[in-house]
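Given as structure tokens, the chain that follows is alone and in the form predicted alone.
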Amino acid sequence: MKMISILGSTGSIGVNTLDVVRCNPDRFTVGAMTAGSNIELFAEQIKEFKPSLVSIFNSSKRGALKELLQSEDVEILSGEEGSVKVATYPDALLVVSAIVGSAGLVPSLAAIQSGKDLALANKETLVAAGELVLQEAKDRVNIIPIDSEHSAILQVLNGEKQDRVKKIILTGSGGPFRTFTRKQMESVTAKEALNHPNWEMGDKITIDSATMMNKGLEYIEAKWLFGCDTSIEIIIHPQSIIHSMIEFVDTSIIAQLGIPDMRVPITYALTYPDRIDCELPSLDLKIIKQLTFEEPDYEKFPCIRLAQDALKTGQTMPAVLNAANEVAVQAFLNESILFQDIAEIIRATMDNHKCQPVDTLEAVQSADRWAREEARKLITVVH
């Protein structure tokens, strides 16, 4: 029986993780969980899975959560301190990091520092502080990616020698605006952007998919997970069946295929390096019939290039990219800016940033705070 802790149990990844646990009660148990502010769903999860420790990130809702859990034998904490307690829960062997955004960085680092293997869905942790995170994890714990693309790469690389890899081919669906013209994209709404053709995800990640910043962040994450010297190519694959591929030095290409359901990579992360039966429908290629591929349109989706530029610049620039993106996405969801303003806010924030070395957590957090303030100023001008 493997005990796990979950950071972000009420989000899309957290809900799917709990469904995997629900389907495998003889293999997994939940020792500790966090949530953001959805206390109703969180309370239902706590009553079902009986963790010993929970934390609500929104401290103002701690009292209301206690009211909902009067009959439960559970310790209730709140805020970042509570998230860190959950991340370092002594009896947990694995921590699932499913918090959205840079809020996942501190508890993810804490989990690593306490010797826990980390199942990572929070890509912002490596985007903002990849060097720090890998230094802490080196020779101590496993970082097991949950993103379908990075899980695919991990699976394809299993048993292969790193120096035999020629190229990582990172696939992406292209999001809801793949076939839109630039003119059409000038007037897209948040409702349209949240209508992803293949995946059911949280709002922030779905908007990132629509701008294709999601692919840019995954590009940075892949560099940290699988080696900065490895060439990475991004390719659009609308069917979301091939989750990523590896080309080896002999020109052989090996792909990982599967249905577009996050419970598949989550199950692999929870059982890594083993596999277990999964009660999901098998992929039927006869029904799919064809798999197609396209070159990304970097002019229509400038966020991809912004992420690549941020990684090339290095130091605190990826943290600035990530923070500015979070602020701009929220402004778009609040209807304060247009869809195409998202990339412009990020670009301007990056242009105004003076990079610093990423040698401490404080350096990352300082860059994050600066970028958020700068992005908000720019949004005020735009609005």
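Predicted model, so just to flag it, every value in this text is computed and none were measured. Residue indices: 1-based, along the sequence shown.
What comes next is about the form predicted in complex with a small molecule, which is not displayed.
K.L.:
Taking 4.5 Å between heavy atoms as the contact cutoff, choose which of I144, I234, L109, V100 touches the small molecule in the model of the complex.
P.N.:
It is V100 that has a heavy atom within 4.5 Å of the partner.
K.L.:
Only one of G258, P238, G202, P296 has a non-hydrogen atom within 4.5 angstroms of the small molecule in the model of the complex; which is it?
P.N.:
Filtering the options by heavy-atom distance leaves G202.
K.L.:
Can you confirm whether G11, A35 and N122, the three residues that make up this candidate site, all sit within 4.5 Å of the small molecule in the model of the complex, judged by heavy atoms?
P.N.:
The answer is yes; G11, A35 and N122 each reach the small molecule.
K.L.:
With a cut-off of 4.5 Å between heavy atoms, is M262 one of the residues that contacts the small molecule in the model of the complex?
P.N.:
M262: yes, in contact with the small molecule in the model of the complex.
K.L.:
Find out whether any non-hydrogen atom of F49 is located within 4.5 angstroms of the small molecule in the model of the complex, and reply yes or no.
P.N.:
So F49 does not count as contacting the small molecule.
K.L.:
Within 4.5 Å, heavy atoms only: does F28 come near the small molecule in the model of the complex?
P.N.:
Contact with the small molecule, no.
K.L.:
Test of understanding: in the model of the complex, would F339 fall inside 4.5 Å of the small molecule by heavy atoms?
P.N.:
F339: no, not in contact with the small molecule in the model of the complex.
K.L.:
Where does the small molecule sit in the model of the complex: which of 311 to 319, 347 to 355, 66 to 74, 36 to 44, heavy atoms within 4.5 Å?
P.N.:
It is 36 to 44 that comes within 4.5 Å of the partner.
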